[in-house]
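Just one chain is shown here, as structure tokens, and it is the form predicted on its own.
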């Protein structure tokens, strides 16, 4: 029970990596504040948590400051602390730049980058008062390189990497660690939607687009699983990673290692 009595805030908790990470933290004794725009998905995750796990559900859009303020109110009223923040919520858009509307661009930036800013700002206040904490930002392999049809998404994730580095530098002296993870092709609803849209542009199915990508680009020749990402997040939040801050960690089967 590495996280017994710790309070972990997880955004995008209703599916994919967020769901797997929520269940993993719950199994290791953490108290959870789970955030997502998907109310039914949050309820499903809650029903899968251990019966002795204390949790709170916040249905909200992370791109709106009111959602981070709701998290702060719950944390203050019930726990008086936040020990861990996993900024995981994200959205994608599949379009080359000339087809990317201002609305599409803003939606991606506001969710993926501004959402992390709002949530981090609120949780930092608790961590500073407590003399420590851990922040993990889900930055994606898309933050490490350009991806076709993904100008907005890649830009938002690259920004999140530098947001992580600046946070690490600013708050290390206060006992707060911040790292970025960069998952590659992971079996998530976002990955499925992305490949369906790419497939449409190529005249093939989403499954075919995914398989082509795996065969051509991933040295390990397989898609990653959400549980594999969750294990890295928990390690980074544990005392075993006590000297790791400002790290940018690919979890991608070798995707970004080279050609």
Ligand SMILES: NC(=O)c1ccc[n+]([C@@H]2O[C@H](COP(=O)([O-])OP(=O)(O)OC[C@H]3O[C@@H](n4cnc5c(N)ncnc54)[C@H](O)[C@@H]3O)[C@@H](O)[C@H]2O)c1
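None of the values given here were measured: they were computed from a predicted structure. Positions refer to the first chain, counted from 1.
Absent from the display: the form predicted in complex with this ligand. The rest refers to it.
key: Candidate from 185, 84, 168, 152 lying within 4.5 Å of this ligand in the predicted complex - any heavy atom   = Residue within 4.5 Å of the partner: 185.
request  = Sort through 190, 232, 204, 70 and report the residue having a heavy atom within 4.5 Å of this ligand in the predicted complex.
outcome  = Comparing distances to this ligand in the predicted complex, the residue within 4.5 Å is 190.
inquiry  = Which is the contacting stretch out of 84 to 92, 172 to 180, 98 to 106, 126 to 134, given heavy atoms within 4.5 Å of this ligand in the predicted complex?
reply    = Of the options, only 84 to 92 has residues within 4.5 Å of the partner.
ask   = Is residue 139 close enough to this ligand in the predicted complex to count, meaning some heavy atom within 4.5 Å?
value = The answer is yes: residue 139 has a heavy atom within 4.5 Å of this ligand.
key: Non-hydrogen atom contact residue 199 with this ligand in the predicted complex at 4.5 angstroms   = Close contact is absent here: in the predicted complex, residue 199 is far from this ligand, nothing within 4.5 Å, heavy atoms only.
key: 4.5 angstroms heavy atom contact with this ligand in the predicted complex for residue 15   = It does: once this ligand is placed as it appears in the predicted complex, residue 15 has a heavy atom within 4.5 Å of it.
inquiry  = in the predicted complex, does residue 120 come within 4.5 Å of this ligand, counting heavy atoms only?
reply    = No, no contact at 4.5 Å.
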